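Single chain ahead, by itself, as structure tokens, in the form predicted on its own.
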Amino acid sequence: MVTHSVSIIGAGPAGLMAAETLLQAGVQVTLYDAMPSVGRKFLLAGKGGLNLTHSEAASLFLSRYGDSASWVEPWLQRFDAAALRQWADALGAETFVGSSGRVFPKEMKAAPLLRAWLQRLRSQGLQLHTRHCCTGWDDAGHLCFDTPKGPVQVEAPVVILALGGGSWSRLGSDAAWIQWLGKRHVQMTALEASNGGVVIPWSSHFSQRFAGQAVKTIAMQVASDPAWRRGEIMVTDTGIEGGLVYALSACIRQQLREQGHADIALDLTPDRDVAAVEKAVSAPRAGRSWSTFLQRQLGLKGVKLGLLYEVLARDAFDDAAQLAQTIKSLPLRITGLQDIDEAISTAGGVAAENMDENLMLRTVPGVFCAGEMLDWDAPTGGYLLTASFASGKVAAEGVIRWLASQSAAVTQE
């Protein structure tokens, strides 16, 4: 019996899932990570509550991947949201569905799940080397690592790269792989910030007063997409961030590329139609200030009222139709994206045309890729994590098929 060995670079969700899949198939696995401990970005992402996946219907779930859906769909057919929940439950991290449909471990945190997972992987024979920063291949085809003890070269004929994207470089995702994969003629799409804040040129008065405040119970629309999405945002010194922004980040990026800015609109009263709002603001003010009046009539106060004053001249408040229209479709212009290193994730990376159906590089046989370093994108809400886990499983299963084909070829010879 031939014993195979596979090297995995990157110990995030994709790399760890690939390792588990291979170990269960009897393949020896050596896992390398640049950081002193594994899963650092995973742990930070779950600091406020680990959103593993989402409970919505499969068709709607798949639609969240936008233009990437056709590539991601086969991954989810192998390991979908239900499978991820079953996997977590088997680790002792029983899950529950929150009011928004998002799925969390009952303990909420990532650390207990990661500890249980690593314990299981070690019991299955995982060999783990931390503080090993991969720098690519040397002329002899060896994988090269920078370590605290100096450079190390490893003979690794079969490799899974799960190196993450280009955000949160302090946690290991620095996209250094772009340079050394480029030398192997791998085509890549430029990385862009995703699931991060956007820049809006606020007045100094607005930013000083409202930065750090949440704008809740609103809907948002990007000019290029007629659909409105409900949720909330957070005002920052330089713009906005939050779930609604992340959900629409692909449309926002496209507008920024095409015209240098992206126009969005906020509905400050999504539970009332424009006619009801106009009727409310047409009522006699009876000497009350606009702040008092709008709070009494529509519940608008604080940051929502500040947004109205930010975009609407004071004398325009006397025009009931214009005021109502602004409340229902408050216009804002996005002029840029948050710095890529501060975003939750990145879009771009290794392009789909470089990969076969097993996520093996066409130009580098025996080298597979998984996770965020691939050119797909998704909003937060469990979609990023689910596809990362799934891609790790698909890449590992591809490795198993590749090893079998290589063994068969040697036998025939």
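Residue numbers here begin at 1 and follow the sequence given. These numbers were taken from a predicted model, which means no experiment stands behind them.
Not pictured, yet referred to below: the form predicted together with a small molecule.
With the small molecule omitted here, the record of contacts in the predicted complex names 343-351 of 22-30, 343-351, 359-367, 55-63, defined by a heavy atom within 4.5 Å.
Though the partner is left out of this view, residue 272 does not reach within 4.5 Å of the small molecule in the predicted complex, counting heavy atoms only. The closest heavy atom approach of residue 14 to the small molecule in the predicted complex falls within 4.5 Å. Remark: residue 239 does not count among the residues lining the small molecule in the predicted complex, judged by a heavy atom distance of 4.5 Å or less.
Although the partner is absent from this view, residue 267 stays clear of the small molecule in the predicted complex, with no non-hydrogen atom inside 4.5 angstroms. This chain is drawn without the small molecule; in the predicted complex, the residue among 134, 252, 281, 76 with a heavy atom within 4.5 Å of it is 134.
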